[in-house]
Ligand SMILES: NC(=O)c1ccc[n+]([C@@H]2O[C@H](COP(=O)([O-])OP(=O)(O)OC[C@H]3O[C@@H](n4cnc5c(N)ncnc54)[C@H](OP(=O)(O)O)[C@@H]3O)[C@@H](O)[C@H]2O)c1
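Quick setup: one chain, the form predicted on its own, written in structure tokens, and binding and motion questions come after.
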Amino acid sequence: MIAVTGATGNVGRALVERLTAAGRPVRALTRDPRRADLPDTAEVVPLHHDDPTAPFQGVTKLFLYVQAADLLDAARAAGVRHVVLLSSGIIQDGADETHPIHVMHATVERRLRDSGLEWTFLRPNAFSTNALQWAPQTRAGDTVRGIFADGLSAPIHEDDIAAVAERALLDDGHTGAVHRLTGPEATTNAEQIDAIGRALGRDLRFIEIPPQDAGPELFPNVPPAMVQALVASFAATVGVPPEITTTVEDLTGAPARTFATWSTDHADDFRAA
């Protein structure tokens, strides 16, 4: 049995769909099973339980979000042996180890290394789903306000992360591996808006605003204390070619999908209701 935390998140949902399609027994952990809307063949259970080991009974492998790291001890006690952790590409040689995102992910990686469990770390860089921050603006009109129009990244489709996680959970040879994940090509923030516009059949325009004006409008799901550190990270991407890996294709046999493909897949998310 494979347990998936964050089962209704972007990567977790894609992974549950992949595993159930492959006929694998899956236990999907979520805060509200009644609203999960996951495949019928998945066993959907509450994330929290009076007995913290209950969700992991009979589970041998676990896909773990950093935010669910408090479940690690219960999982080990229940018999989980291998954990695939969704970490972050911010962890690399020469990184700012005081950055709050680095601290959060490095702390969980260290805890997992020291746990005695088998582990695999997935370290994706920019997620294509980060572009969903612009959806409220595209639903309201054809201009998008944002910072650093020329900021470069190689964003990765969430299903490509899930595809690598699937292989790490099902195939041998991933114990102790660190997989760095990116999309296949570099794109600027302004080019991402162009790609979303093409997917919508509209001419969208990116309007760059001063970074000091970035706030809840642009980063509604980011804790206020983390916004400035995030802005500093984005500033460092201007004119700097991003890391691009072939890990997705190497491990799955299929090339990583472009941001343009992701935009087409998610076009409805950017349309007004």
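The structure displayed is predicted, hence computed values, not measured ones. In this text, residue numbers run from 1 along the sequence as written.
Only in words, not in the display: the form predicted in complex with this ligand, which the text now covers.
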{"property": "Option from 190-198, 163-171, 144-152, 85-93 whose residues, in the predicted bound form, bring a heavy atom within 4.5 Å of this ligand", "result": "85-93"}
{"property": "Output flag, R35, L47 and H105 jointly within 4.5 Å of this ligand in the predicted bound form, heavy atom basis", "result": "yes"}
{"property": "T264, heavy atom within 4.5 angstroms of this ligand in the predicted bound form", "result": "no"}
{"property": "Proximity of T258 to this ligand in the predicted bound form, heavy atoms at 4.5 Å", "result": "no"}
{"property": "Close approach of F121 to this ligand in the predicted bound form, 4.5 Å, heavy atom", "result": "no"}
{"property": "N10 within 4.5 Å of this ligand in the predicted bound form, heavy atoms", "result": "yes"}
{"property": "Residues within 4.5 Å of this ligand in the predicted bound form, restricted to 118-153 and counted by heavy atom", "result": "P124, N125, A126, F127, T129, N130"}
